[in-house]
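Just one chain follows, in the form predicted alone, and it is written as structure tokens.
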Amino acid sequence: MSASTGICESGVKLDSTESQSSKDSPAHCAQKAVTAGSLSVRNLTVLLGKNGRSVPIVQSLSFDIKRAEMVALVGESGSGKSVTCRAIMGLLPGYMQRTGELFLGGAEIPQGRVSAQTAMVFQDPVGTLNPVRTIGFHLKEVLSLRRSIRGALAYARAVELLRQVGLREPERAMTLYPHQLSGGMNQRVGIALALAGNPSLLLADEPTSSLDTTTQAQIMDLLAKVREEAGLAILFVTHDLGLVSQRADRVIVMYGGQMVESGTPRDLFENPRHPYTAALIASLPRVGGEHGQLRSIPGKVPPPGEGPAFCRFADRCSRADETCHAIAPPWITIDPNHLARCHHAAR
């Protein structure tokens, strides 16, 4: 723990004016959560029932997202990114259980409850739309259920939402079915559906991965626009580190269900302190790279309940030593906004 700042076990920064005993108090962490910003996640753990035992899919995850801030959640498949979003949204299946605390606008989101202030944009827009219902039906249904807007007012608001997300001829789009729209247009409809509930938090789970490069840029421009206009806090899940470097305000790196590093894009791209973050960045394609070959990270993310007990990345890390296999890695404060969970982060 540094002289000026400290962190709870979960990685939440604490002020230097607070006593050591209060810094270590779970109640204190919860109090910080209530005042921290639009979304505060505290010690989020998601358990999966497997072979008669509970296996953690996400473990002790804590972070804040402020109003009008876009935070990117990155990591390989199997790191727990999508499960984290679904836990925040209240959409976990029955065989998964959430523990920990979620606060939105200072109010706690109870276990299993979907907050009226949250909305989600999914990776596959067509798969989330009913193929036998028109776009207009989808929007009017959300407006009715989430905001009690019906009839002519619902129609007018639905048309305005489609216009807001950049669909041409929104009145005509209201009469169309999902299969009559392109992937990019359906994703715009997905964003319109999310905005229909007037949320303060938007969860975007890889909303551009199935789109071409031009459409990706348009969707990201649209998310940036609605964030600025509505003051939305956005948690953005992606594998595309190029998007992260250009669009995110802050980045959270996950591995094996745990957060291992967080900071600004500049912090992570110019000064990565966790070996996993450094390996992700090193694997990015580069023009004129050595012998034209792509670098990769050896091995794979361990399945839930398997892999090293202390540092989850130890079996794949070139810097791992006996300490990494015997002691849980501490949180190291690189600077007030840059944290890394690694025995070697300070070196």
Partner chain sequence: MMRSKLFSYILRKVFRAVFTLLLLSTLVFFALRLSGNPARILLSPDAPPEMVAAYAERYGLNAPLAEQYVLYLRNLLSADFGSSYINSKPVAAIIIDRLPATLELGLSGIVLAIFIGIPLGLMAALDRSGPIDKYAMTLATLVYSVPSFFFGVLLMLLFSVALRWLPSSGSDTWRNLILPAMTLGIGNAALLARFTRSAVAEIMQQPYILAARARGTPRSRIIVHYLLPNAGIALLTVIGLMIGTTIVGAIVTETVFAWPGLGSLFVSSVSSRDIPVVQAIVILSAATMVTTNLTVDFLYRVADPRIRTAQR
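Residue numbers count along the first chain shown, from 1. Predicted, not measured: the structure shown is a model, and the values here were computed from it.
Note that the form predicted in complex with the partner chain isn't included here; everything after this is about it.
- Of the stretches 84 to 92, 159 to 167, 235 to 243, 257 to 265, only 84 to 92 has residues with a heavy atom within 4.5 Å of the partner chain in the predicted bound form.
- Pro131 is the sole member of Gly151, Gly106, Pro131, Pro110 with a non-hydrogen atom lying within 4.5 angstroms of the partner chain in the predicted bound form.
- Taking the partner from elsewhere, Leu193 is found to have a heavy atom lying within 4.5 Å of the partner chain in the predicted bound form.
- Contact between Val142 and the partner chain in the predicted bound form is found at the 4.5 Å heavy atom cutoff.
- Taking the partner from the other structure, the partner chain in the predicted bound form has no heavy atom within 4.5 Å of any heavy atom of Arg273.
- The partner chain in the predicted bound form is approached by Arg146, whose closest heavy atom lies within 4.5 angstroms of it.
- Along 177 to 191, these residues reach a heavy atom to within 4.5 Å of the partner chain in the predicted bound form: Tyr177, His179, Gln180.
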